[in-house]
Ligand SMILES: C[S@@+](CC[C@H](N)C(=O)[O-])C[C@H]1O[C@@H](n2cnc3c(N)ncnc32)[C@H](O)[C@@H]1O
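We begin with a single chain expressed as structure tokens, specifically the form predicted on its own.
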Amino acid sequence: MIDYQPLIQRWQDSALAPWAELLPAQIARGLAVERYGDLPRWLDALNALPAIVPSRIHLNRARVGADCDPPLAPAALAALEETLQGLHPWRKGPFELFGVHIDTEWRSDWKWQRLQAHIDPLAGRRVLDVGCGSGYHCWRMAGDGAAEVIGIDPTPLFVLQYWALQKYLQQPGVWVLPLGIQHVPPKLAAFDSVFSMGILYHRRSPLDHLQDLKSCLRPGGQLVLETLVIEGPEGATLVPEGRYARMGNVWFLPSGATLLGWLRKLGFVDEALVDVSVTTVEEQRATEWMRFQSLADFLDPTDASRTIEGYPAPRRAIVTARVPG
């Protein structure tokens, strides 16, 4: 069921040919059973998904998904839900498959609503989505007309969730690869748009990450960046000691002005801060599809404006910028 060969063949005579040569070995490492002990269990769930022919596919709805005529009988619906639960936890979404609502931890559709009006039109574009999870935004990009959307995420569970969804969504131009940004060949310059959402603060060197993203873009291509920020003037940056909102891998939280300065220093142009929003417990929360702790457990129980460690609560910015054309 997992078959990347059509993508590799398509890339062989394109600007992505250098990556196509590396991809088979990269995928083998990214989905190696020896590295990920839970992978056989997740593969069993993937292979157990029933064959259902979709009547309609929905890429432009909050709940990306598919439905069928006639609707599934109650027993078949319950069996589908149980099998999809075998890929728990589901972080980014939501999705709805044939009446099963995958109520993910994140309302990723809210983020999409915040950025959609501020980005270059995606029709006909080749797009890279870095840290895409199960691919929710990849399908929204395809729904907006992108010709090819490549998501990368090193977490194999999310990659298998993508394949579970792809079984029914059937989008030949949407792919999720089990890789990180470090696996993309340097100076590729092959993508019209590059998205990095929820990644920058996890990088020890944020400027190196921004440079890596820049090297993926063609001249004139657009970067869409979403990350945690703090309030403050240019130069203000929070470097948490220990954990931030119980996350141990948070390194730099710049102010919006600092982030724009970083982009200018690296040679981006047309940089703009298009949205700043405080993350709420309605947007990120535990559900039946993500039964672990979530945002409400990471905030000060007596002051929701602070994290459990006493830092400012999560505030997220969306920034766009362009490689000189």
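So that there is no doubt, residue numbering starts at 1 and follows the sequence shown. Since the model is a prediction, treat every value here as computed from it, not as a measurement.
Although it is not shown, the form predicted in complex with the ligand is what the next lines describe.
When you look in the model of the complex, the only residue of Gln171, Thr155, Thr83, Thr237 with a non-hydrogen atom within 4.5 Å of the ligand is Thr155. The partner is absent here, but in the model of the complex a heavy atom of Ile181, alone among Ala245, Ile181, Cys216, Leu72, sits within 4.5 Å of the ligand. Although the partner is absent here, Ala142 sits far enough away that none of its heavy atoms falls within 4.5 Å of the ligand in the model of the complex. By the criterion of a heavy atom within 4.5 Å, Gly133 is counted among the residues contacting the ligand in the model of the complex. Contact annotation: Met197 falls within 4.5 Å of the ligand in the model of the complex, judged by heavy atom distances. At the 4.5 Å threshold, heavy atoms of Arg203 reach the ligand in the model of the complex. Heavy atoms within 4.5 Å of the ligand in the model of the complex are found in exactly one of 147-155, 73-81, 216-224, 120-128, that being 147-155.
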